[in-house]
Ligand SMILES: Nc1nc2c(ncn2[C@@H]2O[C@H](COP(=O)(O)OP(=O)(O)OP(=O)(O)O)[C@@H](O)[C@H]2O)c(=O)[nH]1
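Read the single chain below, which is given as structure tokens and is the form predicted on its own.
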Amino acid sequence: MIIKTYIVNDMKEALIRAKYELGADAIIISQREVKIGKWYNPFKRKGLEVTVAVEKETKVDNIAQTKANPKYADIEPIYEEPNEKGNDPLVNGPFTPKSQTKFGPRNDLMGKLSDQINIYSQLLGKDKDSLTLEEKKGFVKLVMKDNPLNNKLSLGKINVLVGPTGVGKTTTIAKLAAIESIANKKNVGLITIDTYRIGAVEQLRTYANILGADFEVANNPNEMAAKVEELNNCDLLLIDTLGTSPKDMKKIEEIRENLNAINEEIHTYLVLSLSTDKDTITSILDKYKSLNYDALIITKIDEVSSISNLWYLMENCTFPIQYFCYGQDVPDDIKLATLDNVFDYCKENDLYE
């Protein structure tokens, strides 16, 4: 038998932790009120000390089997006690990648998230699909600390936006350029390789003129390398790329060749519209992998009535979601995609679950 004691804020947290770590057969054998905090702190808050037990090591066995799989050789389980603030390392999920520079699909490991949601909904006495927006936000804060809205990739010196046609890459670049130029007082340079779409070059040139930013057009990889070198004095470079179907691997390869010509570190953001269906989102995430994108920017949240696609991304992808866009106004309709910012927007705009 395994016996484990938790120091938690309330019984709900204890149940979630116990059922998640020890399995559905875990039972509570005792509980008592305690004070949480350092011994010398006169303002220690109330909490619960809950002791649970389980007959056999179901969760431990699962972890051992996972570690034996070479597919997950770079992933290690984390089990720690909560700190004095009540923060539980379990909210990082049962597994944390050693390297946070690249993220990939959750697949088998993070697919356990569905089980976590089921446990959470059962504790609330509800069906998973009937959880309210606030309840889902509470679940994310409690269990999914390592989620795409918490992970962030700051803008580097050279930043590239890639993605399908019509998702708003050029407008998003204009928003970022305006914020960095006006609010953050940076010297911004803009480069585009989107010479296919009628008016694309002139659209970005217009934004550059308004901001007083340097602007260049690169027609091939050699020109790309030269233009980046010409704008080396800029604090920040934003590069717009041609939009293409995830099925058009020839154009995706063309983009890759242009990016490979840049001999400096680049941050690549995949721009996704939330109005895209789930199957297409999955295809985009997969087909654009050859461009080695580091993070996501989600757009057109103002055009959807449901956040189901956002929830889908949070369940199935660990790439950071850096920004979310909700309109065409430059530079207003963009925000950092924090958990509070996104869920507050959804609540204010009556987006259902």
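All values derive from a computational prediction rather than experimental measurement. Residues carry their position along the shown sequence, with the first being 1.
Not on display, but discussed next: the form predicted together with the named molecule.
Just one of Q328, T51, S290, S306 comes within 4.5 Å of the named molecule in the model of the complex, counting any heavy atom, and that one is Q328. Screening S181, T268, N147, Q203 for any heavy atom within 4.5 Å of the named molecule in the model of the complex leaves a single hit, Q203. Heavy atoms within 4.5 Å of the named molecule in the model of the complex are found in one stretch of 148 to 156, 230 to 238, 217 to 225, 161 to 169, which is 161 to 169. Proximity to the named molecule in the model of the complex holds for none of K19, S121 and G138, with the criterion being a heavy atom within 4.5 Å. At the 4.5 Å threshold, heavy atoms of D302 reach the named molecule in the model of the complex.
The closest non-hydrogen atom of R197 lies within 4.5 Å of the named molecule in the model of the complex.
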